[in-house]
Structure formats: C-alpha cells, structure tokens
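Only one chain comes next, encoded as structure tokens, the form predicted alone.
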Amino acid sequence: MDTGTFIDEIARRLTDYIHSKDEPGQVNPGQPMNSLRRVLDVQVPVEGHGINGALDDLDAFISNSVKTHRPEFMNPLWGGLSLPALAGEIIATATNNSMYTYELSPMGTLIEQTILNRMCELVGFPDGFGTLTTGGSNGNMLGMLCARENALPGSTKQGFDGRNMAIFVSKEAHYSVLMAANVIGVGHQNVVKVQCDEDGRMRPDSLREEVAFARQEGFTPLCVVATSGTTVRGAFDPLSELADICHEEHMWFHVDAAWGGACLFSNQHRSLMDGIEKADSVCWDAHKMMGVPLVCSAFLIKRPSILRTLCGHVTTAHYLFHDAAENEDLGRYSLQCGRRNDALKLWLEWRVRGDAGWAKLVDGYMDRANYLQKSIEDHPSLEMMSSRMWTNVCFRYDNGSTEIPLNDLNATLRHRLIQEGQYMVSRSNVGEDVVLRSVISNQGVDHDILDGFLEAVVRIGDEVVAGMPPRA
C-alpha cells in the first residue's frame, strides 16, 4: 500500500468516527477486561503484520474505545471533539518538532510564547511567563518546586530536607498535591488538609489555625495550594482571602485552576476566581473545559526568574542550548527535554474562537448545568447532593420507598448505567454519600441529552429497587 492510499484510509476512519457521534450507539463498550483479553489480539509479534495489519488493528481499537466525542459522555472533566484542535494535533505529530529550542521549532516557539503570554494576561501576571506541561498534576508539582526554590534559594542545586516543611490544601483538593509532595521531598504526612465550608471551599479561618499550629509544632509553612474548580463538587476556594494569609505568613500561593481556569473568559463567571492576580503561580488545563485534546496544560508564574532558576540544569546541555538563543529557547523554562508541540492545537482553536468564543462556550456549559440541576430538583426521585458553583452536578437517586441503603443503591445504579453503555458519568463521594457526578464540558450536550440521561437514571433506579435483573 502506498503512502497516499494509507493516508486516505486513515482519513476515512477519522471521518467515520467523527460522524458516529450523531448516530445511535454506545458510549462505553462495557466489556470487562477478561472478556476483552479473550476476543482481542494485542500481542506484539516476532514477524510484523505489515501496514495493512495496522488498519485492522486501528479498526479494533476504535470499536473498543470509550466514545468520548459522544454527547452522552459526561464522566471526567473533559469530553467532545474539536476539529481545529484535532487538525493541530495531527500536524504537530506529523511535523514532530520538539519544543526545547527555537532552532528545532521556530513557529512553534512563537505560538507557545503567544499562548502563555495571553494566559498570563488573563490571570493578571503582566510580567509572567511559564511552560506547557503534561497536565495539572505536573503543574501543581512545578508550583510546589518553585515554592521550595523561593523559600530556600539554592535548594535546586544543594538539595532539600523537607521533613519539617508543611503544605496546606483543602480537604477537597486534587490528589496530585500528595504526589508532588512525595516528588519534591516533603512527604504525604506533611500535607495539611484544611477544613472546607458547606460549599466545599477552603476556609480561611481554618487555614490560619492550621498554619499557627504547624509553626507551634516546629514546622515551616512552605506553600498553600488553593483550588479553582475542585474535582468532585467544582468548588472555588476564596482566592483573595487565602492570598492575603499567604503574604502575611510569607508562604508561596499556588492555584490549581486546572478545571476552573476557563471561567476567566466569562464576564458572568470570572468572579469565581477573584484574587487570582495575587497568586504566585497557577496551573490551567486547556484540555478540560476548553475542549482541546489531551494533553494541553499551562503552568504560569508571576516571576519567571524563579522557574528559570528551577530549570537551570539546562546550562549543562551545550549540545542543545546556546547563548545566542538564550531569550528564545522554551526549554529553559521546562523540566522536560524532548517535549511535543501541544501549543499548535490550542492556538488553532483559539484563532477560530477568539476570547468571545471561549466566553460563549463557558456560559453555555453553565446554562446547561443549571438546566440539569433544576430538572433534578423538580424530580421526586432525584436529589442534589451539593451546592453548585461550576458545571459539576452531584446528585443521587432516592425514591423514598426502599430499604436498600442509598449508597449501595446508587453504586449499583451507576454500575448498571455503565454496563448498558448509553451514558457515562462518574461515581464520587460527597462526605460519606455515594453520588452520581455528571460534568458538563462536552459541546454536544444539550437539553435532550440531559433529559434522556435522567430518564435512564430513574428507570435503572426503579429497577434496582424492584429487584429487577439488569438488561441483557
């Protein structure tokens, strides 16, 4: 098979896949791993199958994938499919530029600089900069590493004993803070989980108490990691008040806005992040609400010199970095060496939409989340399990007439929902309660999809209560 024919075959599969979102079908194949192992050949052969075999393998992969582009997919904090961003992903892979030097990716460097500068403007860092990373987890780690270098200049070179350091997060913060504490040498036990209010936001009064107690116990407060858009409830911590405490206590203030950062486009909703300009660093995932394909995430810092010091190891790479491009090479702000071009897909999408398009997207998602919440509140067998600030909608089934414990009932309901494969939302916990968490971050979601989803939830809930077996 020649190159043109092979590319045509790939294009046909892409087109068929994209169009399939509008056709009847399942989101989730619903097969357990043992069944999948029996029916699929995924072994790596001694003798290759040839390029025709690659097409067969792609067909198998597509048919057995979760269809994240379908509007019924409301499971994680991302979903849907953007054609401009898809084009950027394909071309970035084909051109295979690496982003560590301007020499190897001239226009890619200009594009990434432009994206980072614009995001810094939106956050309120007029002299800021940053880097694109592999996701919010890495962004949070970079923020904590910068906090370490800021508190102990030279620790990047000389080492660091973090056993007496303390990091403060809300009880509803993302688990990546624990991962980062491990990596930077502080340890899980020194991550202090601060009490939240009834809406899931970190309480400033509790933060003050925890910082005072940590100092009393001989710990040095290193940083606070606030959250703009928590994973389960979509809560936004009160940034301005938390920032003031950090400045008084000489702590670094990092904001995990991986999920909620897109609110900054919306005149109606940007107040959720009031005070963000007081932060020292921010992470923001474009692959979440902005709908750019995984992965595309920015780490932004108010004082870029600290990030550059953190990445000072690049000066030893004389075979890559040269003085003539000292102010151009993006690798001087990154912990990665080889790094793919994730800026192109975001830049293309941004050029198509503009800031106004992003604002319309955010406002539309919030309107649909409002519709879903009202539909739940109006239904006698459904109840909201949390207040709502963002597009996370946490609820459960409860018809009030069953002796089945509600946690068991809703866990079974969600399991059957996934097995049926028509809709996909996550199971989470709010306190001790098992809830269904649907997230509106998929452009295909509309009122009809949401109505059908709730009908399925109620139908399955009724079946579980009645002791009916799952559908075949």
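If you're wondering where the values come from, they're calculated on a predicted model, not measured in any experiment. Numbering starts at 1 and runs along the sequence shown.
From this point on, the text means the form predicted together with a small molecule, which you will not see here.
Just one listed stretch, out of 338 to 346, 242 to 250, 226 to 234, 79 to 87, contacts the small molecule in the predicted complex at the 4.5 Å heavy atom level, and that stretch is 226 to 234.
Proximity of residue 200 to the small molecule in the predicted complex falls outside the 4.5 Å heavy atom cutoff. The closest heavy atom approach of residue 135 to the small molecule in the predicted complex falls within 4.5 Å. The small molecule in the predicted complex comes within 4.5 Å of a heavy atom belonging to residue 285. Taking the partner from the other structure, the small molecule in the predicted complex has a heavy atom within 4.5 Å of a heavy atom of residue 176. For the residues 290, 258, 394, 119, the 4.5 Å heavy atom test against the small molecule in the predicted complex is passed only by 258.
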